[in-house]
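Just one chain is shown here, as C-alpha cells, and it is the form predicted on its own.
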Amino acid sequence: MAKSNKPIVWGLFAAGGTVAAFVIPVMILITGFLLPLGLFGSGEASYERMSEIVGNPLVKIVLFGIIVLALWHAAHRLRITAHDFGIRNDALVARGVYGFAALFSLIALMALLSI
C-alpha cells in the first residue's frame, strides 16, 4: 500500500476550517468592535495592555495555532479551487500553496517570538 500525506493535509484542513469558522470571528468581534467601543473598560484596548496580553507565552502559542491552522485551511481551499478552475498540475499547485502556508507559518512564528 502506498503511503499518502492526505490524512495530514485533511486534518490540518479540518482543524483550520473549525478555527476559521468559530474562533476567528469571535477574535474579530472582541478586538475589532467590543474593545474599541470600551465595553470591557476604558484601558483594556490600550497598546500597553494588548502588548502585555500578547507577550504571554500561552497567548503566543494559541495565536500561533490559530494562524497556522487558518493558513493551512486556506492553502487547501486554494488547491481545490485551482483544480476546479482547470489547473490540472496538482503537484505544482500543492507545492506552491503548501509552500506558502509553511513560509507564512514560519513568518508568524518569528513575529510572535519577537514580541
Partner chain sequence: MSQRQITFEILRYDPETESEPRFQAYCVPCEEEWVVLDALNYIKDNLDGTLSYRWSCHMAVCGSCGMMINGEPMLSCKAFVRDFPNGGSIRVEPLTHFPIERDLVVVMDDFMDKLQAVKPYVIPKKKRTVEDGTYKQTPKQLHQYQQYSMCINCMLCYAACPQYALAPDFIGPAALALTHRYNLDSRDHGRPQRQEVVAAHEGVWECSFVGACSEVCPKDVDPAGAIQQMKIASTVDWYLEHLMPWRRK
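Numbering follows the first chain given and starts at 1. This is a predicted model, so every value here is computed, not measured.
Quick note: we don't show the form predicted together with the partner chain, though the next part is all about it.
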* Asked: Pick from 62, 80, 28, 53: which residue has any heavy atom within 4.5 angstroms of the partner chain in the predicted complex?
  -> 80
* Structure fact -> Counting only non-hydrogen atoms, the one stretch of 81-89, 30-38, 67-75, 54-62 within 4.5 angstroms of the partner chain in the predicted complex is 81-89
* To do: Spell out, yes or no, whether the shortest heavy atom distance between residue 99 and the partner chain in the predicted complex is within 4.5 Å.
  => no
* Please check if residue 8 has a heavy atom lying within 4.5 Å of any heavy atom of the partner chain in the predicted complex. => yes
* Please check if residue 4 has a heavy atom lying within 4.5 Å of any heavy atom of the partner chain in the predicted complex. => yes
